[in-house]
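The chain that follows stands alone, in the form predicted alone, written as structure tokens.
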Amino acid sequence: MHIKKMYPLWLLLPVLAVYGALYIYPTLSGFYYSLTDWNIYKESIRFVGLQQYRDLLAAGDLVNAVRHTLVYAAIVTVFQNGLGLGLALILTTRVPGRNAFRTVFFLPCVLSTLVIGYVFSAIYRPEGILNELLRFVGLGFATTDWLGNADVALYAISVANVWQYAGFAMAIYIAGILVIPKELIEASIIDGSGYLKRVRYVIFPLLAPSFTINVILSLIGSLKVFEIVFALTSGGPGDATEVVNTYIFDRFSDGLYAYGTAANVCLFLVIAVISFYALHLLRRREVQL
């Protein structure tokens, strides 16, 4: 007779201790320090309640950073998932060398974001590859300083991020497509449906869980963006690409630790609210499909 062995719960204590020390305690400390006047210019820390949050709401530059972050998140979420889904649909057909293509498209997401930033900073230079290519094909009028032009810099950074992580979205969509029962695909073919109809009425509805995962991950990742912006523009030119995390970094660099911590807490709450709401909508969509 097989007896199921139960391990004592105290075996979880080492893991819980590490989790508490490296995550729970810093998180709770952050909430506390956001309610103080902690900065480099004072010898002692004094509790000031919600004063840092009042200062945040009155700061016009933070509103600008939030707007840039939301625009960036919308662009990255839409195009990263659109490109990832398109690649997945192509690379699950009988394309010669599809496994090699999958590897090539997935590779950028395992590289350091700072490395990607330095590569694209070379591409986007006025004398870089992108402008030279535009001149070569007769589109010299479209050349610009992609990172120095305040009107296009944020979009240029978004393209770099989409290029890096579209392969990650592709991998999740491919996994979702491969678990779709072949009988359903074959039945739709027998019924005479074309490829686009199969995608619309068979594949896409069954990809709802993969779609939910990709949207939530890309949304969270783009809302807390920092590395790619810091590597390419550091928030410039001026404040044209200032996002919330670069704003927080600047405040900490100025020694305004409590103010920066309060901004970080606000970012955490905004990401949590947006993510849970998006997850609720996407889960409800899965049930309806």
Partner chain sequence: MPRTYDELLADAEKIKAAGITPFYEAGKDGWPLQVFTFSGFANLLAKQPDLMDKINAHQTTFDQIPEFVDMLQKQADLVKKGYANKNLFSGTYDLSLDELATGKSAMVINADWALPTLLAKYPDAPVGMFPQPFEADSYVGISDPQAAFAFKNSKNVEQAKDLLAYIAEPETLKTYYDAAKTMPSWLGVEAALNGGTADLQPVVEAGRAAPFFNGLTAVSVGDYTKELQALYGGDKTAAEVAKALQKNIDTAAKAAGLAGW
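Residue numbers count along the first chain shown, from 1. Source: prediction; values computed, not measured.
One more form of this protein exists, namely the form predicted in complex with its partner chain; it is left out here, but the text below deals with it.
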| property | result |
| --- | --- |
| Contact at 232, 237 and 256 by its partner chain in the model of the complex, all three, heavy atom at most 4.5 Å | yes |
| Proximity to its partner chain in the model of the complex (heavy atom, within 4.5 Å), stretch among 53 to 61, 66 to 74, 218 to 226, 26 to 34 | 53 to 61 |
| Partner contact for residue 145 in the model of the complex: its partner chain, 4.5 angstroms, heavy atom | yes |
| Contact of residue 47 with its partner chain in the model of the complex (heavy atom, 4.5 Å) | no |
| Its partner chain contact at residue 126 in the model of the complex, heavy atom, 4.5 Å | yes |
| Interface residues of 20 to 50 toward its partner chain, as seen in the model of the complex [heavy atoms, 4.5 Å] | 39, 41, 42 |
